[in-house]
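Shown next as structure tokens: one chain only, the form predicted alone.
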């Protein structure tokens, strides 16, 4: 069986070029003409590869790497073996991302499943009142409803469904099998396959006669440069709009409820959930499997740890973890105290098996 490559082999680049791309300092300037052909992790890199080190956890791998060059923070550069060209930068991971983007520009381009651009498939269903700017790609099986507007350079993947009156900006990507209704979407927005936008929020007037459905009459507003991972779901607003602020990045399998406002440049990691009418400030980070109850306000710059259960509003700059969520240091002290207690505890009650053994003896 053949071993396909989905990205073309990059052209080699000199360390002088890489230093110019990233702003990194080449420690040994006599290596400026040294060529690297690819990127690789520290532990598998060879003489023609460039690697990076940004996490102290992997600093031991730097001492044994066979990489031809390495992007490192200045505090680690002395650990590099002789023969490895060191490029010092305060942000090695960001520099690495720049290098990969230069070597593999196709990896930054939005491509549909069919790999063709500027194509409106005859097997797509497009309502006659829909308006598509020149350069829109629509793949087979996609359905575009009445009065939809889509901007130049956007790709609509196979079998995606875009409901009536949806507006989508330019140079975006709508992944295969996504569904979008009741939504207004900005420029350069990426929706990975299976994203669901604009469905009903979970709203019911509950009572002894049963649970009466509350009509959800709001919209979703997705601002510019947002990215939403595969199979994530965002409900439309009930009485006002659900809003995702510019530059925010949402991982796979995230649920965001109705009337939620997510600020600018937030990060929400896989399997997290944000309940209805909660407001996140700018640059909030929510780690995996964390959950927030509804009607909270989370201040800008807050960090919420993995599996945290947030049941109260948080001021700006908070760092919480645990369920119920509490400040990181309080949580760490409690865990440490519990460990000490377990170590000190002496068994004072014999089990039934122990008592039986005594009788047998």
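All values reported here derive from a predicted model rather than from experimental measurement. Positions refer to the first chain, counted from 1.
If you look for the form predicted together with another copy of the chain, you will not find it shown, but the lines that follow are about it.
Looking at residue 331, you'd find a heavy atom of it within 4.5 angstroms of another copy of the chain in the model of the complex. For residue 123, a non-hydrogen atom is located within 4.5 Å of another copy of the chain in the model of the complex, even though that partner is not displayed.
With a 4.5 Å cutoff on heavy atoms, residue 277 counts as touching another copy of the chain in the model of the complex. Although the partner is absent here, residue 339 sits close enough that one of its heavy atoms falls within 4.5 Å of another copy of the chain in the model of the complex. None of 294, 46, 60, 299 but one reaches within 4.5 angstroms of another copy of the chain in the model of the complex through a heavy atom, and that residue is 294. Between another copy of the chain and the residues 186, 245, 153, 193, the one pair within 4.5 Å by heavy atoms in the model of the complex involves 193. For the partner-free chain shown, 227, 230, 231, 232, 233, 235, 236, 239, 240, 241, 247, 249, 250, 251 of 225 to 251 come within 4.5 angstroms of another copy of the chain in the model of the complex, judged by any non-hydrogen atom.
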